[in-house]
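One chain comes next, on its own, written out as structure tokens in the form predicted on its own.
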């Protein structure tokens, strides 16, 4: 890969550290996330609750990033992503209970199995397109869900697998909330940066071309099936990786993780945040988890209200939170241009690019 294929915001200044230095608001977000555990611990509030809330956002944030790669960038609408999320969670749990592997020993084994699973399901599902592709991915996920329920001796059936033992690493307990917080934060940050590079690479430009007009890409002599399969497998492995982190803060796995409702949650998080942006779905995850936490404690029919809110987003904010922020940013940038006498808008353009890095990368 040559430098021209790397996001300019990263390549031209030498790396993510320099990028953070040039964007104070990004550096501020990173600083807030690093300081968050100390703030909630010393603020005399329910620190445990807020740490678990943040961990859940990071874990599902990774899954949503993978969903955005498949749907937002490649244009593959799947209803079966829970197959990978649940597969990762159950893979770790089964390796520990049935094969007596430790959490870290099971990690590479499950990643390989997820790769094979993605390859097999991808080859079969990508023979179809459109709504038929969505249906067959749903069928695969529901098949896995039924297998989990039927093979009670291995999966625990409807009760799931409890008390997953996770050993200490270098003297740190991975199930300690503060340690789990930083582990999942680092994992989410790493996946986000990796996918930024992937989506800005030649591979990323091809899958976005497939999303826009697959026939035109095929006319260029590009094997679109190979690119779609690669995106499907990569998204599946990352989605499974998120599921493998799930037992860190819950220490048990249950059948709903592989059910269609989990895919529905990921889809709503992605659409609410704004698909095809990476950072938008992360915001959508935080918004969705917070809303779910608040509503489920207030009303029993909280899913009904979540559905209403989702419909409102689709009707009035089809670009999601990311689109809203980008629109507001453009307005603020335009106002800034009018306030700077003779300004050629460097400051306002920088402001726009900060929340819309892809446009910068494509220039």
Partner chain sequence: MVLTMVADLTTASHVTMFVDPTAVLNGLSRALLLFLIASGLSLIFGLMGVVNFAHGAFYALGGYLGVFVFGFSESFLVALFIAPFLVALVGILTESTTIRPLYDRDPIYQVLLTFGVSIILDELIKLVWGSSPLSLGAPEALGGVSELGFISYPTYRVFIIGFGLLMALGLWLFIQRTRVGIIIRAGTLDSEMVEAMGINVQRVFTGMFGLGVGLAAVGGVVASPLLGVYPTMGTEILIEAFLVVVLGGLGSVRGALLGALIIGMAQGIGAYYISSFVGLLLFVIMIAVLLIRPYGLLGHSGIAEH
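Residue numbers count along the first chain shown, from 1. The structure presented is a predicted model; accordingly, all values stated were derived computationally and were not measured.
One more form of this protein should be noted, the form predicted in complex with its partner chain, which is absent from this view; the next part is about it.
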Q) Want to guess which of 180-188, 123-131, 240-248, 196-204 is within 4.5 Å of its partner chain in the predicted complex, heavy atoms only? A) 123-131
Q.
Only one of 290, 77, 104, 98 gets a heavy atom within 4.5 Å of its partner chain in the predicted complex. Which one?
A. 77
Q.
Please tell me which of 268, 119, 113, 166 lies within 4.5 Å of its partner chain in the predicted complex, judged by heavy atoms.
A. 268
Q | Candidate site 139, 307 and 315: all three near its partner chain in the predicted complex by heavy atom within 4.5 Å | A | yes
Q: Give a yes/no on whether residue 260 approaches its partner chain to within 4.5 Å in the predicted complex, heavy atoms considered.
A: yes
Q) At the 4.5 Å heavy atom threshold, is residue 41 in contact with its partner chain in the predicted complex? A) no
Q. Taking heavy atoms only, is residue 146 within 4.5 angstroms of its partner chain in the predicted complex?
A. yes
(Q) Quick check on residue 135: any heavy atom within 4.5 Å of its partner chain in the predicted complex? (A) yes
Q | Residues in 295-312 close to its partner chain in the predicted complex, defined by a heavy atom within 4.5 Å, in order | A | 299, 300, 301, 303, 304, 307, 308, 310, 311
